[in-house]
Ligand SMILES: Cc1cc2nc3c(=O)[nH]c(=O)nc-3n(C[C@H](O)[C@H](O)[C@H](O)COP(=O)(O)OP(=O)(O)OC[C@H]3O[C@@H](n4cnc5c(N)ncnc54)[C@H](O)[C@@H]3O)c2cc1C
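Given next, in structure tokens, is a single chain: the form predicted alone.
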């Protein structure tokens, strides 16, 4: 059944929506020129000028299906830096043969049965925000459809007494909160991709929101889930606790489409907080900052978020991140007066809830900060961060226009291994582009702390050239160097972005050969012919430059 695609409202070969952008400031560009040199702007090839191969013949599918060229192009790649580079250059773009949009779990089941019978590969698509190659169509995969779940959206049920909400897998972040707010609830799950990512995508990549310290990761929020696979349905009831064998919900989280397609989930929600406050402090060094974060978490101060920037990220934040805030000049003068030097680190900490309790919580946090030589600067920087936190990804596209590439990766380790891990990654990234005689700039922050350890989130920059393959090769060199350093230092290969295709070569290093085999056995049971997302999670092929 051929239907026209929906009107395109998202930017092509870029993050976000057509009417939104975020240009890099003059201060940031000057910093980049100083650290890595001047780059060559990355062109934008008009999608209409791209040569799109004709789709393969597909069997009739029992759900609305589009083979329009632009629709297929929009579903060819995710949002990783290589994806954006390939799409902007119009190089090595392999669209699916069709985009299928089922509207019910029964339609998903029928589509999977049809594809299973005819050997058609299926790549589930939520918001298409994967930064690990998780929704990409590799060349030579054979007849392939993108299974877009946007019609499986909305609030399906709400148990107000139990604080449980059932939502369609294709429900995007803003729609989740919009559906819950009239009932006085929030999910509290706010990844940076919140504007475009979906409930199903969060589950299958083990997403972690910016306020995970207070609300938990998606595996903590998911009470029940429905998964549809070629072998049938897996319905896991929302139960507060169970000892009925191994926890199958844990198997679904992080499955990335290999075990089946999540069609709906029951999530644990909370009453909307009366107030949300984020405050800022500066500590004299990264070491002081880590000790501050560790004590805040291990002493049980009920914060919802903590973010600690290393000295390099702090300098960039002061130069450009807070420059549009009226607080920035005040903060910098105050720090100079308090003799806070170049090794200073910015610490953001926040909480929400009833007004009468927020004050005491923040007072406890400030006391811990001061014990570690922290200088409190109030709520101004925090308000600015809250206002801009979902806009930061837009800057990547503006930087490409100026000749600079930027990307991120993340990991986590126990507290006793954090410094070794950060040092190993920093050294590896610093030398990753030596074969080209190029430099990289690296920033780091902590944003998801735990009682036993913390995440580390890295942002790197390098200058671009006019050659697509060389730009991607440079990115791949940094990525490989970082992953090898992470594995060598005992960190996780992914804290919250998932494995996808690009991290798959290192999965066995983290979970072992037997662990990988257990996942593969489960995938074969759910999907005997291997039609579901076969390029992710278990495929050790190095696809970093694809």
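In this text the structure is predicted, and so the values were computed from the model without any measurement. Numbering follows the first chain given and starts at 1.
Just so it is clear, the following notes concern the form predicted together with the ligand, a form of the same protein that is not shown.
Asks: Which one, 350, 102, 449, 126, lies within 4.5 Å of the ligand in the model of the complex by heavy atoms?
Replies: Only one listed residue qualifies here, and that residue is 126.
Asks: Find the only residue in 411, 205, 471, 309 having a heavy atom within 4.5 Å of the ligand in the model of the complex.
Replies: Looking at 411, 205, 471, 309 one by one, just 205 meets the 4.5 Å heavy-atom criterion.
Asks: Every residue in 286, 292 and 417 with a non-hydrogen atom within 4.5 Å of the ligand in the model of the complex?
Replies: Looking in the model of the complex, the three residues 286, 292 and 417 all stay beyond 4.5 Å of the ligand (heavy atoms).
Asks: Which among 90-98, 157-165, 116-124, 371-379 is in contact with the ligand in the model of the complex, heavy atoms within 4.5 angstroms?
Replies: Selected stretch: 116-124.
Asks: Is there a non-hydrogen atom of residue 130 within 4.5 angstroms of a non-hydrogen atom of the ligand in the model of the complex?
Replies: Yes, residue 130 is a contact residue.
Asks: Can you check whether residue 503 is within 4.5 Å of the ligand in the model of the complex, heavy atom basis?
Replies: No - in the model of the complex, heavy atoms of residue 503 and the ligand never come within 4.5 Å of each other.
Asks: Would residue 197 count as touching the ligand in the model of the complex under a 4.5 Å heavy atom rule?
Replies: Looking in the model of the complex, residue contacts with the ligand include residue 197, since a heavy atom lies within 4.5 Å.
Asks: Is residue 110 close enough to the ligand in the model of the complex to count, meaning some heavy atom within 4.5 Å?
Replies: Heavy-atom contact with the ligand at 4.5 Å: absent for residue 110.
Asks: Residue by residue through 247-268, tell me which have a non-hydrogen atom within 4.5 angstroms of the ligand in the model of the complex.
Replies: Heavy-atom contacts to the ligand in the model of the complex: 256, 257, 260, 261, 262.
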